[in-house]
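Single chain ahead, written as structure tokens, the form predicted alone.
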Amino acid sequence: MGLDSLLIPAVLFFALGAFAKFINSDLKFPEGMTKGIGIYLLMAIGLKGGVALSGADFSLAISSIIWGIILGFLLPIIGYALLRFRNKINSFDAAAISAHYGSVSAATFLTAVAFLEVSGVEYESYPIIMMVIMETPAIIIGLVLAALARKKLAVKSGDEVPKTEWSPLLKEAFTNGSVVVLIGALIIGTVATPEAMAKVTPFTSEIFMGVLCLFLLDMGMEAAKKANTLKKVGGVLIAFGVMMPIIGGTIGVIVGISFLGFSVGGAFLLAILSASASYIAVPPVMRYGVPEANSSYYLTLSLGITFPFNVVIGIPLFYQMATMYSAL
């Protein structure tokens, strides 16, 4: 399965959105439309995942949750270490950026699901649970790293160590709208009867691809906007925005196949989760919890570099990687 398999409507509409922005087209979505589309997509994928989980293996589901937590903690630590290598990036920017790369991008995941469905490749539903689980640990690690940086600065200057207000930050992480919709739909899909779920199949399946095309059209425009600010982030951060997804995706393939026993499709989806960077759930938490960090850095990296990299290059790369690794 080569690059030709990326010629699916969803990816092509992403390219169309970017092109529209580059030629300064007046194309734009009505106020609030993108948010509504995003809610639908999360609801649809959650319901489909819940239906699959209703007959899934309980022990494998628990193992997936455990590995989701592990990856949620591990990936931002790896990202932080890379960013702080030779003190190229300050501690606060490194903490905020690494939290985004330990978290996940639902849009990237949905594009990967579309890739598998168009290609006729089966996959496990467990990565959907892992997508929910991986949000919060990454946020916690980012906040802890920032708190340690503040403590170090305070000790060095002889000032009083500032207190971190954890309650509002953790509330933001757990009550984020994307997380609530996805978890809720997952539970509903699991407990609802097959007869009842059959009635919403047109809603969750038949129009899914068309709505995803609309969503990625807008994402293409947003990514192109961030491309204009690439000069501000510098070469080190641009390199990180490409290198970190490759590291995360490789770890995802290994964990998916060697430790969880996923098929190629399931391991590929876990690789996409591990390679992606959040640009919806994490930014507001980091803006409030790590005000010392430059928000243009992590927003440009996650949406302007890593998202398009994963959509255009990461999807075929990690699929081939999963295919080759499973054959060993």
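Remember, predicted model here, so these are calculated numbers, not experimental data. Numbers for residues come from their place in the sequence shown, where the first is 1.
Absent from the display: the form predicted in complex with a further copy of the same chain. The rest refers to it.
Shown without its partner, this chain lists A224, A192, I247, V121 as candidates; in the predicted complex, only A192 has a non-hydrogen atom within 4.5 angstroms of a further copy of the same chain.
Listed residues C213, L82, I140, I129 were compared with a further copy of the same chain in the predicted complex; C213 is the one with a heavy atom within 4.5 Å. The closest heavy atom approach of T136 to a further copy of the same chain in the predicted complex falls outside 4.5 Å. Among heavy atoms of V180, some come within 4.5 Å of a further copy of the same chain in the predicted complex. In the predicted complex, no heavy atom of P316 sits within 4.5 Å of a further copy of the same chain. Among residues of the shown chain, M43 is one whose heavy atoms approach a further copy of the same chain to within 4.5 Å in the predicted complex.
From the list 233-241, 195-203, 249-257, 140-148, the contact stretch for a further copy of the same chain in the predicted complex under a 4.5 Å heavy atom rule is 195-203. Residues T175, N176, G177, V180, V181, G184, A185, I188 of 175-190 are found to place at least one heavy atom within 4.5 Å of a further copy of the same chain in the predicted complex.
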